[in-house]
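What follows is a single chain, given as structure tokens, in the form predicted alone.
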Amino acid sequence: MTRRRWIADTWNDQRTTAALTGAQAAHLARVLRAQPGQVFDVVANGFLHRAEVSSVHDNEVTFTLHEERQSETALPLHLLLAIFKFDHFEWAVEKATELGVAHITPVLARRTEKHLSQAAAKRVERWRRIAHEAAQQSRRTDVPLIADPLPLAAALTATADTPTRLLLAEVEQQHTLRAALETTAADETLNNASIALAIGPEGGWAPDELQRFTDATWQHVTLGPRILRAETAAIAAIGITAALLQ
């Protein structure tokens, strides 16, 4: 039987003990009724351990960490995701986390609705909680970094050193995402290099934003002839990238 996995909130420098606090501890203590001596998988500082419950309280559950276990690393993929309707955006964050994305930067695009742009900063902590829960559910050993929302210019600056930068653009009809990734793989750099992938808002990127990407030497690519919702495009693109990285 697969052991339940938790991502620790705190741990000591030697990684011999770790603890869950707050809502995680309350759930484990009150709902799952954990008892000292029970064994779980616990991730501490990105490392996976077999762990034994040593004490249980409503606000803290502590573990003794035993042997380190083998774990997979995240996809070297930085997703620039333009902000769109929050319920759809949150679904995209959850699924991107499950698929292994390492970093998500919410982007304030020109066509992001004004009220969403204004409220985005207050939603970041919720997005981080969603990513944390999705990482735990999907048995990741890390949680993707969810950056504070950034204007496009700042997001492009933050990814300027990423070796492979790909923009999904509705106006691009020829160059596919798969072909771009296969070309990179042929250069024997794909498995060792980070990839940045940009997904636009509802209505797509504005012409001046497309020009910004071009000026920043992003390669424009397509997923095919269909017009996809932003969250659908994000998940399809991550799936294609993940398949070619394996």
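Please read these numbers as outputs of a predicted model, since none were measured by experiment. Throughout, we count residues from 1 along the sequence that is shown.
There is another form of the same protein, the form predicted in complex with a small molecule; it is not shown, and what comes next is about it.
Have a look at 22 to 30, 35 to 43, 49 to 57, 200 to 208 and name the one stretch with heavy atoms inside 4.5 Å of the small molecule in the predicted bound form.
-> Only one stretch qualifies here: 200 to 208.
Looking at L152, L168, A74, A131, which is the one with a non-hydrogen atom within 4.5 Å of the small molecule in the predicted bound form?
-> Of the candidates L152, L168, A74, A131, L168 is the one lying within 4.5 Å of the small molecule in the predicted bound form.
In the predicted bound form, which of the listed residues (L65, I195, L181, V221) lies with a heavy atom within 4.5 Å of the small molecule?
-> Spelling it out, the residue with a heavy atom inside the cut-off is V221.
4.5 angstroms heavy atom contact with the small molecule in the predicted bound form for A233 = It does: once the small molecule is placed as it appears in the predicted bound form, A233 has a heavy atom within 4.5 Å of it.
Tell me, yes or no, whether R15 is in contact with the small molecule in the predicted bound form, where a contact means a heavy atom of each within 4.5 Å.
-> Looking in the predicted bound form, residue contacts with the small molecule do not include R15, since no heavy atom lies within 4.5 Å.
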